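Encoded as structure tokens, the following chain is the form predicted alone, with no partner shown.
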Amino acid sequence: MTETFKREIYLLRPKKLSPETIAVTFAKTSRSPLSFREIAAELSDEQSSEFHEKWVVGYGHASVAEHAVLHIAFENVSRLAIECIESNRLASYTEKSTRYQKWDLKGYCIPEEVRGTQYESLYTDACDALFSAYQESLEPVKAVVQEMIPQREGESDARWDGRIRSEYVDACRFLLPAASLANVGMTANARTFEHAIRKMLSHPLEEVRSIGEQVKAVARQETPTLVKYAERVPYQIETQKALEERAGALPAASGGEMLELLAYDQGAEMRVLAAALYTQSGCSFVTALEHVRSLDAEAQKSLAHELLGRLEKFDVPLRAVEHAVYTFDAIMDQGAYFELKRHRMMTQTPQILRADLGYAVPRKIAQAGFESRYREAMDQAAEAYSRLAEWNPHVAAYLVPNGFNRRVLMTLNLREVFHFCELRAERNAHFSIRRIAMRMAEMVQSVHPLLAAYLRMPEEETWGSIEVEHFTQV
């Protein structure tokens, strides 16, 4: 008589099992015939800790730690520190939004490095000026938006404000510096947290190193073994210092194009189409590529349609599309960068936050008659940054407002181009990132028209029209 096996799919609940026990349960299935429930029933927290000490720490089987998942809340950390916290690719984050929430006058971090020094008053005066200007800008810019989006009949003032808040806060937030305090929730596995803690402990800012110590202590409450050996990394610290010294000899560029396409492969479209056929064939990739290249233009266009022509609004292109890769050098305001950095599947190499690339002026700020006050606060921040940067450029970065421009190098594949451009070009996205997304799509379409023709972009706008509508200066 043939033995039958019943399929079962079930949760190992964190309410009943510790994260380390769940990780061991999954790890043991590779060599144990028992069910997951039976394996878990045999384990204690102490046994799980011993397992991890031997196999994960002792023998380096770090993938086991990926089954232990933690949810950690960060409150009242600077947005500059959040850049390090959110720099881990394999994690999930949700943070306090500068588009929907308003900041209090003293809602900023004073770093330990400046406390009690000759620079403390310079620092706090600049932050106070920015936050005062921010608070003062809210009502006049709100009035501009109210003219543009009238109150509906029977609509309460509170509901009307809720409907238009992002429209005016979007413009006012350009004044908020990187010192602004925010909250962020992070979900990741223990392996990612160990890596994150190492980066934080090796960071040049005291705030970030202190956060790293706190994260380690909190994580050890649930995963006492998996993160306990996370320490500062001399390689990261010493390499950063060495590169800073070498980079000091390079001249700083004063401006440039918003987006520059530095590198792409002219043959990438053929390679993508070949990869799509390769998955369904028994031939070598070289054979598939030769076949695609032998097709005439219409046949290649037909094949591209087979690959991408059935995409609907929420569909994701097949992975074969990832074989087309692009590198961009971008200049964008810091607010736009905060939207960009959420796209962690692309490779991003941002420059240290500076105040020498100029700043953007939102059109609504000018329409509200607030431009001179806005410029006064931004120029004061730039002057304070300049003076502080001579002493410590990393600490000076706290003073840089969202409106200042920043350089970032991006390398991404065509599948991520679809995701980034389509998501960030939508009308409910922030206008700073919309112009970047629209321009990127236009540039990719110009070099790879066969595949990029299927990007689902707004047709009634261009990156230029967005720039004219929302900025008087970029």
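None of the values given here were measured: they were computed from a predicted structure. One-based numbering along the sequence shown.
Heads up, the form predicted in complex with a small molecule isn't pictured, but that's what we're talking about next.
Every member of the trio S92, E416 and L423 reaches the small molecule in the predicted bound form with some non-hydrogen atom inside 4.5 Å. Think of it this way: in the predicted bound form, the small molecule has a heavy atom of just one of R375, K228, R319, H343 within 4.5 Å, and the residue is H343. None of S30, S446, S44, N428 but one reaches within 4.5 angstroms of the small molecule in the predicted bound form through a heavy atom, and that residue is N428.
When contacts are judged by a 4.5 Å heavy atom cut-off, Y100 counts as touching the small molecule in the predicted bound form.
Contact annotation: the small molecule lies within 4.5 Å of heavy atoms from the stretch 344-352 in the predicted bound form, the single such stretch among 293-301, 398-406, 204-212, 344-352.
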